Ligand code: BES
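Presented below, as structure tokens, is a lone chain in the form predicted alone.
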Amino acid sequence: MKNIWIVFVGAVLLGACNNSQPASQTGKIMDTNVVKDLHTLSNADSISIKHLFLDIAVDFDKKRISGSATWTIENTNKLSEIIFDTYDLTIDSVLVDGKKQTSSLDKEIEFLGSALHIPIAANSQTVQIYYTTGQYARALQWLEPQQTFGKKYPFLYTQSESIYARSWLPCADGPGIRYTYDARVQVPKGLLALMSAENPQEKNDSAVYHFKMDKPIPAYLMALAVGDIAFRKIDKRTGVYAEPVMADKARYEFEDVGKMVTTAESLYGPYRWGRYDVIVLPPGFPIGGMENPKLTFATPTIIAGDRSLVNLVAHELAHSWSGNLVTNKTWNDFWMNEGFTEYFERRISEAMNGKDYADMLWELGYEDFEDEVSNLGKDSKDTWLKLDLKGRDPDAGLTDIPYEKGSHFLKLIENTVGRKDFDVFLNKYFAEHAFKSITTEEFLAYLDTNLLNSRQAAKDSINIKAWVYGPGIPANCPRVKPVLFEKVDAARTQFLDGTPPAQLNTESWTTYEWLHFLRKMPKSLTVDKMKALDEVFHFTKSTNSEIADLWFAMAITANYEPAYEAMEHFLSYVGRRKFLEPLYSEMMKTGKQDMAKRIYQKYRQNYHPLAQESLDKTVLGTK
């Protein structure tokens, strides 16, 4: 990044602390160097990358993408070379301003890949790179027909966050580097291609699809899906894509997505991306959702048949403001995406479903926060909001800390200054930083100037330094006491004291009440108690993935064998790491290593490469 001018308020607001910008003793405007993004090998901090034209073909037989990436650049600093990120790409040839040029690839660096060096002239305007993806493209999952819902056609999808875009196109792969793009994608006949851009709603005879993204986005928001895909309209600007056999189920589940968009706009300003659509992917998708602009990628595990899990869509929609519109500048600032989004998601949920409902989400989130701090260690630097990921894969920062510590920090600010003033501040923040990237320090300076500068008592009570540059759960962390959970706690106590499950008052419970009911059960729950619950509530047969996963983990601990067959079936088709990792980990911890290895080796090919990487370590002990 280029040098920028910042009003640095560190000495006043934060005190001297690690990872902050150098403190000014006078508090005056000073020239500071933005911390370099250490997870890109590119030199995009010194050269302007403006636009991408991507022209590619998808080959399912060879499991590769090939074609060209043409970058429009502005060489204001008159550099003699441009450097791009690559990971397991074969570079076939390079043209600079239409003329063939010799390029070179550095030796591969672990998880970062290889820097691609291309000589350019002071007045160069275009760089065209012909390339082919490799066998180890971490962003790509190639699915055989039997791994899809329809069982007839193959499927491909990408997952570019955090630094995986470089494995399917040569790019400057950092969250602080934004560009617009157009694309031409050739796919096999009978399949539809979709991207994080303006999308077609039906297949064509040519099997060539054209895309346009006229808003600048970072590489991690580049997305592609190719398969037998159908579209269902929700309203004039929202809809859902899915395999034909899932399309009607998905459309039913997402009935309220249009209302979500309107609700979000009423909170924090206009939706700036045109359409908002969702694609429900095949089961191997490794995460709950990915906020690709215009087209959220979603796990099929949210299709419960009763619209009980679509709060995940509220989260991905919220990213259209926090993350896509205003983006963390480096992965050390990841909480700037996820903390804001988690907070925004719960505000959307409260507006649509009421405070009692949102309070349940806050409490479950606080419990996740506690668990993550316990797992990482209460003094671990990985529990700071401002991360230090130097020399590490940025995925090491993908814990619950950015989500839950970040959202609770924002809730504390809301509680301290009042919701009305905080909402005015956030609306201004999103409007003034639209289509830009921001560091933690820049945000804190903006927060001080626009909200806290005249509120010294509020600033002191918040204690920003403890939240951003301190470990664990700060002493002033806000916590709600959901009224609905009080009834759940009473019912659980009754059950543990001997009341038959059929006599418990659970008729109106939502997913979140059931999760709280099960989460707080003692670890030592007996097989007889498990059986009694199962006979009445049928947890083993649950179609709600959140409840089923928690129940199966309990079954492993309690040695409740009647659930094992259903659990294996669950593990055979679900690819979401949130569900896979607790089950395999619990098997490994409770003396069921043989069962874990047998099931994992049987279904490993159904999981995304990112899930395989983490589970290989957990189950197979690989490094």
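Just count from 1 along the sequence shown to find any residue number. As the structure is a computational prediction, the values presented were derived from the model and not from experiment.
Separately, the form predicted together with the named molecule exists; it is not shown, and the next lines address it.
- None of 439, 320, 159, 545 but one reaches within 4.5 angstroms of the named molecule in the model of the complex through a heavy atom, and that residue is 159.
- Residue 398 is the only one of 398, 376, 491, 477 with a heavy atom lying within 4.5 Å of the named molecule in the model of the complex.
- When the named molecule is considered in the model of the complex, residue 467 lies well away from it, no heavy atom lying within 4.5 Å.
- In the model of the complex, the named molecule sits within 4.5 Å of a heavy atom of residue 334.
- In the model of the complex, at least one heavy atom of residue 403 sits within 4.5 Å of the named molecule.
- Interface residue remark: residue 289 is counted as part of the site for the named molecule in the model of the complex, having a heavy atom within 4.5 Å.
- Contact check for 85, 117 and 393: none of the three has a heavy atom within 4.5 Å of the named molecule in the model of the complex.
- Of the candidate stretches 503 to 511, 335 to 343, 179 to 187, 95 to 103, only 335 to 343 has residues whose heavy atoms lie within 4.5 Å of the named molecule in the model of the complex.
- Residues from 295 to 319 that approach the named molecule in the model of the complex with a non-hydrogen atom closer than or equal to 4.5 Å are 312, 315, 316, 319, in the order they occur in the chain.
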